[in-house]
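Consider the single chain below, provided in structure tokens and representing the form predicted alone.
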Amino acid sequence: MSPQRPTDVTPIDDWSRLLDGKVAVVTGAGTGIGAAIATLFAQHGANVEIAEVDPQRAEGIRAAIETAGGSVRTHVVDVTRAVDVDRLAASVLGEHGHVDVLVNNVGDYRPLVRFGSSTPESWDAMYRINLLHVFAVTRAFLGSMTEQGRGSIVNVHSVEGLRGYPGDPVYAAMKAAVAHFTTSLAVSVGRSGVRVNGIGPDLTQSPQVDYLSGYEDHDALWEAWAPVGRLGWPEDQARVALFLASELSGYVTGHNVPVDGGTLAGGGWFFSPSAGRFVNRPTAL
């Protein structure tokens, strides 16, 4: 006997308000990709709760979203610290009682330490900024999602977790761990109504990775660097996050989407004999 078409699928009445009334937590949202995600979520009606370690960045994004008419609160916290994660969760759940969307966006490749020069201290730093907080923040909010029988978690990692990254294998391993945590958690909690997906950015302009400075006269070369032929922007990542957070992706879980302009499909990293190192811009060969 074939299963019946479900009757509890919520129709999308307003495509301009895909997260209307939802509570969305976004970590590291003071600038870059996180800020773009928080801004777009607010534009689509979400009550956005931002976790940001820098007070000035937190105030800047709060003012920008409120000026545009969005609903937002900011929390100056360091999500790599357990006590701060607890404080964040207490404030958000105390205010709303639940969370509908969680975006684990915090991460950084810096300080970049080549493996031969790396130490247990540098490994721990990579672990804390790229993986530990994903576990901690997810656990802090997952219970409220399973209790209400719905929720969406979006983990922002990196395309370097989906391919070989010669620059820093430790960083790549942390990002790969986030990607596999995403897939595994999705299988674990899917029957509780919670979906879990990931985003792997590449070639996206941000405060961490500046693809503009020093390349002002190289616009024509993006056709060679990225299969889509252009630089990526935080808004490109935010749109995919919105899709994964909303009911548009109601039957999507356990996937890691490379939002990379096609670099993963195209190969990504190349060894340059002249430079004596790996490059991700073929014209540097």
Ligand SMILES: NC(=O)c1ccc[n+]([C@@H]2O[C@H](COP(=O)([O-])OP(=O)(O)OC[C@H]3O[C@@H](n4cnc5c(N)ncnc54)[C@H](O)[C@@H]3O)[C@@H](O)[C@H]2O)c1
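This is a predicted model, so every value here is computed, not measured. The first residue of the shown sequence is 1; numbering continues from there.
This protein has a second form, the form predicted in complex with the named molecule, left out of what is shown; the following refers to that one.
Colleague: Of 139 to 147, 72 to 80, 114 to 122, 187 to 195, which is the one stretch near the named molecule in the predicted bound form, taking non-hydrogen atoms within 4.5 angstroms as near?
Modeller: Checking each option against the 4.5 Å cut-off leaves 72 to 80.
Colleague: Which residue, V92, V106, V170, A176, has a heavy atom that falls within 4.5 Å of the named molecule in the predicted bound form?
Modeller: Exactly one listed residue reaches within 4.5 Å, namely V106.
Colleague: Which residue among T31, T39, T253, S246 has a heavy atom within 4.5 angstroms of the named molecule in the predicted bound form?
Modeller: Looking at the other structure, the residue within range turns out to be T31.
Colleague: I'd like to know if V209 sits close to the named molecule in the predicted bound form, meaning any non-hydrogen atom pair within 4.5 angstroms.
Modeller: Answer yes; at least one heavy atom of V209 falls within 4.5 Å of the named molecule in the predicted bound form.
Colleague: Can you tell me whether V53 touches the named molecule? I mean in the predicted bound form, with a 4.5 angstroms heavy atom cut-off.
Modeller: Within the cut-off, so yes.
Colleague: Can you tell me if G151 lies within 4.5 angstroms of the named molecule in the predicted bound form, counting non-hydrogen atoms only?
Modeller: Result no; G151 lies far from the named molecule in the predicted bound form.
Colleague: Would R62 count as touching the named molecule in the predicted bound form under a 4.5 Å heavy atom rule?
Modeller: Output for R62 is no: heavy atoms all beyond 4.5 Å of the named molecule.
Colleague: For the stretch 152 to 177, which residues lie within 4.5 Å of the named molecule in the predicted bound form by non-hydrogen atom distance?
Modeller: In sequence order, V156, H157, S158, Y171, K175 come within 4.5 Å of the partner.
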